[in-house]
Structures are given as C-alpha cells and as structure tokens.
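Okay, here we've got a single chain as structure tokens, the form predicted alone, with questions on binding and movement later.
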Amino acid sequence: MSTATLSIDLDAIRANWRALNEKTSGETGAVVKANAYGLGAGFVAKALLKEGVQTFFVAVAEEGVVVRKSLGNASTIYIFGGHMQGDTELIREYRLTPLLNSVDQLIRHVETLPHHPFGIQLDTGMNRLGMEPVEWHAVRELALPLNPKLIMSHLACADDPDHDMNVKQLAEFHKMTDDLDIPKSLSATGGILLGSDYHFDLTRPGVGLYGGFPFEQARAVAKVNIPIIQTREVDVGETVGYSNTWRAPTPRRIATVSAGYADGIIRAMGGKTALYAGDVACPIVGRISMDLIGVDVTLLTQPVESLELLNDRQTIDVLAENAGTIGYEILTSLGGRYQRRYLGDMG
C-alpha cells in the first residue's frame, strides 16, 4: 500500500474531553465542525456520545446532517452559521438547532420554522458572527418570548490568558445577558482554561479535544505514518527535489516517501521538520512536492518500510510552528488520501 495512514485515537479524544469537563461545573459539549477538525465527525461524535456528551456544535447545516446520522436523535446539534437561505429543510428534517446571528436570520427562522428550537449568538467584540448590542436590544423583545435554547458568544483571544480582550468580552456578555434566565455559553477550549468566571452553563471545547494548544496537557490524538517508496544513495554535491534547493554535504541515503502537500503536509514546514523511525529523527530534504517528500535516512541502521510525521514527539503544534501556522490548520488540512484507522472504543 502506497498511501499514508492517519491513525485517530478515539480514547484519547474521550480522555481530553473528560479532562476539560472536570474543570467546569456546568455542561460540557463538543465542537465537531470541519469533520471533527479533519478526523471524522461521525466517528468522533459517536465516541463522545458514549462518553456522555449531549450537545454538539457544527459550522453549517450540512455538517449537522452527518453528525445526526451518526448519533440518532439523542443529542442537540447547534449550527454556528445559523439559519442560512436554503437550510430550512435540513434543519427541520435532521432536528438541527441554528444559532441565529442576525435579525434577518431570526425573521427567516420564525417565518419558516416557527416552532422549531433555536439559539442566539451575540457579538461581544470579535466582529465575526452574532448580533451586536444595538441589534440585540432591538430584537430581544421579539426573540425572548420564542424561548431560545441557548445564548452564546465567542472569545477572540482566549488562547492568551493575559489579553485584556478576554475581560472586555466577559463584561460585555454579562451586560447583554445577565437579566436572562436562559442557558449561556461563552467558552471554547481557551475559555475553559481561563477559569470559572468564563464557564457559564455550557462550555464547548474544540481543538483541546484533538490534542491542540492551548490545552497543553491534552493527549495526542492523531498519528501519520508514511510509506517509503524508494531509497537511494546520493553522492556529495548531488541535489534532491525541485529547484535543487538541497545539496548533499556528504554521501547520504535518501528515502522518498508517499505523501506531500496534497495530503496537507504544508510546503513551508519542510526545512524544519523531520520524520521519525522510532526515536531517530530523519530530516526532510529538498522541497515538499505534491505527492512525494525526500527524507535523509542515513542515520538508520536497519531498513524500514515507513516513517512517522505526526506522533507524540512531533505534535500538531510542533508541525504548525515549523510551518508558521496553527495546529487547527494542520489538522483540518489532512487530505482525503489517507487510510484512516480508528483506535479505541468507537461507541
């Protein structure tokens, strides 16, 4: 088999959820948008349901359909994107709960699904999604008698605990919601780690479930193992890969592995990244191409059939730093060619 393998540890995801859940006194949901950050929303949601999760969050209605088909009817699935034009039938048929972001969405929901559950998303300063204070003040007397199931907002800088934006948004959320007897949610992973003042009734961890920053105690969830197609001896002065960007300083042994930027291995990480055979780091040489990567395996004393890119030593956040990005992008970029292998209790 020449395709790389992406192994997903469902028990580690469940353990990360338990660890975050223990930090709060309210309900802990789970964000499974973007196909559970690239790891398989159906499998991940089902495992978390068995762990006790009852509330899930997705970005758009189509993602909610996938999760509903996996879970059956025993859960709440919120849509961050709200009730968009064309979503009505999916929301009705698959019992999805939109988080309404604007007056237009509120009107659309009331007119098309007048008795269907919904939540409200408020903008407390991020200027991304949700009703701003003036807009919320104008429509709240219309919305509140319709019994919204949740009032939420989203923190812009929660991964930086000392950022003054956290305190400003917390104060604004209190100002907009303190008089409401409705379940409230402000925090994803970073907000959970800020402490109980930010927890409210429901938290909704995302990246922390999948082993990413800022939850530094998270268990690693994903591993990537890439097969070696060919190994060759390279003499002093010979080059490897496109544009001759790497030249052998001494005689080297170079393996060509079967993956590349089409598989989400970001081209920019090449010069700082190694692949592993056990404890031995084998540096990438030359440019990462679409389907192939050159790797210096000179230090290996025994032949191997594959090398690890993502593992306990080289986590998603290490790869992200090497590529000048964030762990979220590493996970969600993992492409469709991987052979996905699920480990642990699948629910």
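Heads up: residue numbers just count along the shown sequence, starting at 1. Source: prediction; values computed, not measured.
Absent from the display: the form predicted in complex with another copy of the chain. The rest refers to it.
Next item on the list: Check whether S196 has any heavy atom within 4.5 Å of a heavy atom of another copy of the chain in the model of the complex, and answer yes or no.
Entry: S196: no, not in contact with another copy of the chain in the model of the complex.
Margin query: Under a 4.5 Å heavy atom criterion, is E305 part of the interface with another copy of the chain in the model of the complex?
Written below: So E305 counts as contacting another copy of the chain.
Check: Though only this chain appears here, would L146 touch another copy of the chain in the model of the complex if you measure heavy atom gaps against 4.5 Å?
Finding: Residue-level check for L146: no, no contact with another copy of the chain.
Checklist line | Contact flag, Q217 vs another copy of the chain in the model of the complex, heavy atom cut 4.5 Å | finding: Residue-level check for Q217: no, no contact with another copy of the chain.
Note to self: By the heavy atom within 4.5 Å rule, which residue out of S289, N322, S70, Q314 makes contact with another copy of the chain in the model of the complex?
What the structure shows: Spelling it out, the residue with a heavy atom inside the cut-off is S289.
Notebook entry, point to check: If you check I182, L142, I107, M126 against another copy of the chain in the model of the complex, which one has a heavy atom within 4.5 Å?
Noted result: It is M126.
Item checked: another copy of the chain in the model of the complex: contacting segment from 112-120, 240-248, 217-225, 170-178, heavy atom within 4.5 Å -> Of the options, only 240-248 has residues within 4.5 Å of the partner.
Notebook entry, point to check: For 77-98: residues with a non-hydrogen atom within 4.5 angstroms of another copy of the chain in the model of the complex?
Noted result: Contacts from 77-98: G81, M84, Q85, G86, D87.
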